[in-house]
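Have a look below at one chain only, the form predicted alone, in structure tokens format.
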């Protein structure tokens, strides 16, 4: 039986290849090859060299030296650790709050339409605009937040200069901007749940929590998993916010994997070392994609 299914799959694959339908995939495959596969292959190759940008003709093979250096580089380890902290700060809150907001405004009404527009508006702004906006709001000298704290008798806070506050502050800004998109995804899923399920639950005497636990969550489990993976992947890719707001400081407390890789490749011109960081980062994303595939398969099964 297993061999028969395998043979049927092979026949379908061959039919697809020779039917001409594969030609429709060529444009997408060409773009992916040029902008993803080829650069990644170059990064893998350069990661085993001492390629210095200002001496492009003087390249030597160094084996795994770059990878070994990463293991002993305290700034690289701090960047990886910071990225993990971003994930811990942002992902759970963004998933939970987006689900909470989606539940509040899922019903169609004029008031909810207004709220949807208000909640979604930060997402349509560019990341740089949002970063500069919050930089002014949280300015230690003339920012609205610090002026308000001073009026209450509290000391003004150095939100971007204090190593203990900088990363949580940037995490809050990312959370504030990104939560609306995940909210819309979950809201669309909530609107697809048949109202008859809730009516039947009400007739059985179920309260709001029981309806949420036994109807809402099981019905949107797939979308929640999708949001979880998207937010996790996106959080690992953080670079613009710490670059604009703190440039990775203070004392490297807000630097991320991508920002450290960018600095090594552009500021210090160490293309070989930067490529090694890129390869490790790519493996992290591949691992996340693998977990996503497993979770989605379990959901479909």
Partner chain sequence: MKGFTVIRLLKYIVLIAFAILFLFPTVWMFVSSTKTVAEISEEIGSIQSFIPNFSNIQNWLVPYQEMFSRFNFSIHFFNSVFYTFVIVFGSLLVNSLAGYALAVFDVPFKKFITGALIILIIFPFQSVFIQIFIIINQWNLTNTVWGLALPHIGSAFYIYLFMVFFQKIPKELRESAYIDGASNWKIFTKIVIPISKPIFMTIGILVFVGAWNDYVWPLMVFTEESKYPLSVAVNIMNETKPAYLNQVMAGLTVTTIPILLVYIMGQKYITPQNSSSGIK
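Residue numbers count along the first chain shown, from 1. Quantities reported herein were computed from a predicted structural model and do not represent experimental measurements.
If you look for the form predicted in complex with the partner chain, you will not find it shown, but the lines that follow are about it.
The chain is drawn here without the partner chain; in the predicted complex, the stretch among 86-94, 198-206, 139-147, 161-169 whose residues come within 4.5 Å of it by any heavy atom is 139-147. Between the partner chain and the residues 81, 75, 212, 115, the one pair within 4.5 Å by heavy atoms in the predicted complex involves 115. Of the residues 38, 64, 61, 268, just one reaches the partner chain in the predicted complex with a heavy atom at 4.5 Å or closer; this is 38.
In the predicted complex, none of the heavy atoms of residue 99 sits within 4.5 Å of a heavy atom of the partner chain. With a 4.5 Å cutoff on heavy atoms, residue 34 counts as touching the partner chain in the predicted complex. Though the partner is left out of this view, residue 133 does reach within 4.5 Å of the partner chain in the predicted complex, counting heavy atoms only. Although the partner is absent here, residue 105 is a contact residue: one of its heavy atoms lies within 4.5 angstroms of the partner chain in the predicted complex. If you take 117-132 and check each residue for a heavy atom within 4.5 Å of the partner chain in the predicted complex, you get 118, 119, 121, 122, 123, 124, 125, 126, 128, 129, 132, in sequence order.
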